[in-house]
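Listed next as structure tokens is one chain, alone, in the form predicted on its own.
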């Protein structure tokens, strides 16, 4: 039990420490693809350090919601990190239904962040919060259904059981269910991480921003917590993409050798997903807001096809 708990804690520390690096790699890759020099891959760490040492200015018109939101947002994502198998499936906090709980932990952070955007009373915060809630009404089912498709495929909503079942399947890479669910979840991941063509994380233009609009009233340490939370959420979604659908190289025990190999494979998969995301952001323009539900509806339909493929192809 002690080893299992230590593994869970290590994986949380790993995710929190690695999240800014993945964000930096994506930003650097986008800059290179756009023939710009761009910031270094370690710039997000420097930004967090700078924000942590800045004073926080809070409007006198805000309530306790505005104050506690950064802590609730980051805490909900850290709680999700505890239940997600990252480099090993031998963690302690594994139970039936954790697929559903992880999605709702994401929703909890989003809910309080939207409330904080409204609480400050700014026009941009209210606009961004309303946009976030409108998109999340479609994005959350689109993100949940691919995971349900995998749960149906493996007969369990336990993430460890799903990952172990896919890993043991001899022809997992040829399964139509896995590929359809993977593509569907990847589309939903673009919306969940607030990236082009759904949102633009690199702008503060009022006509395009969604996530950034809810953070405009924050500064100092609270902004650092929200920035770290956004990077952590992105890495958690990348981890779901890497481990639930293609759990190649993931360890099943506590051996240092197997954990080291699993860590290297995991980092390679996550960096590859980040590079693909950077290429997509560079290749597409931002969609009109009212076209985003059509994109997410396509993700929803792909998930339904994946569930149907499970019974048609026995995959």
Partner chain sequence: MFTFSNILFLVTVGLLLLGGLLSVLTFGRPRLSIISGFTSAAAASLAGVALGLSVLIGGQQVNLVLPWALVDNSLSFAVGPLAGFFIIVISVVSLAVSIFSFGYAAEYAGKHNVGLMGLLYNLFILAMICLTASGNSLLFLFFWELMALTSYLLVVFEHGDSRVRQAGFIYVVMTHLGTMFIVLAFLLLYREAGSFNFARYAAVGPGLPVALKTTIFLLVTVGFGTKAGIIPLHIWLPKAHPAAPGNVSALMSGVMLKTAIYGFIKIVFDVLGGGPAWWGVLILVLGVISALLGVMYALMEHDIKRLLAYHSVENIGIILLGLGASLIFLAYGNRALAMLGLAAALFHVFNHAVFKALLFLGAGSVHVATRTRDMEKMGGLLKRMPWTGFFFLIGSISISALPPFNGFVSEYLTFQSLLQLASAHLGPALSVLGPVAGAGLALTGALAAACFVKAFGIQFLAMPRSSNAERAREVAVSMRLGMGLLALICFVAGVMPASVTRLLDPVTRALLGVSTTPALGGYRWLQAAASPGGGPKVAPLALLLVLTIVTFVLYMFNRLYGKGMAVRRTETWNCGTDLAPNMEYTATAFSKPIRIIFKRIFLPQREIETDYVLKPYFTAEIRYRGSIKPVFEDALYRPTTRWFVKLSDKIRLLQSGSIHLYLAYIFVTLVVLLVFAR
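Worth saying up front: this structure is predicted, and the values here are computed from it rather than measured. Numbering follows the first chain given and starts at 1.
Same protein, other form: the form predicted together with the partner chain, not shown, and the subject of what follows.
Peer 1: Name the residue from 84, 74, 183, 196 that puts a heavy atom within 4.5 Å of the partner chain in the model of the complex.
Peer 2: Flagged contact: 74.
Peer 1: 262-270, 31-39, 243-251, 53-61: which one contacts the partner chain in the model of the complex at 4.5 Å, heavy atom to heavy atom?
Peer 2: Selected range: 53-61.
Peer 1: Using 4.5 Å between non-hydrogen atoms, is residue 230 touching the partner chain in the model of the complex?
Peer 2: Residue 230: no contact with the partner chain in the model of the complex.
Peer 1: May I ask you to state whether residue 176 is within 4.5 Å of the partner chain in the model of the complex, using heavy atom distances?
Peer 2: Residue 176 lies outside the contact set for the partner chain.
Peer 1: I'd like to know whether residue 145 contacts the partner chain in the model of the complex, with contact meaning heavy atoms within 4.5 angstroms.
Peer 2: Taking the distances in the model of the complex, the answer for residue 145 is yes, it comes within 4.5 Å of the partner chain.
Peer 1: For residue 293, is any heavy atom within 4.5 Å of the partner chain in the model of the complex, or not?
Peer 2: So residue 293 counts as contacting the partner chain.
Peer 1: Would you say all of 4, 218 and 255 touch the partner chain in the model of the complex, counting a heavy atom within 4.5 Å as a touch?
Peer 2: Verified in the model of the complex; spot residues all out of contact, no.
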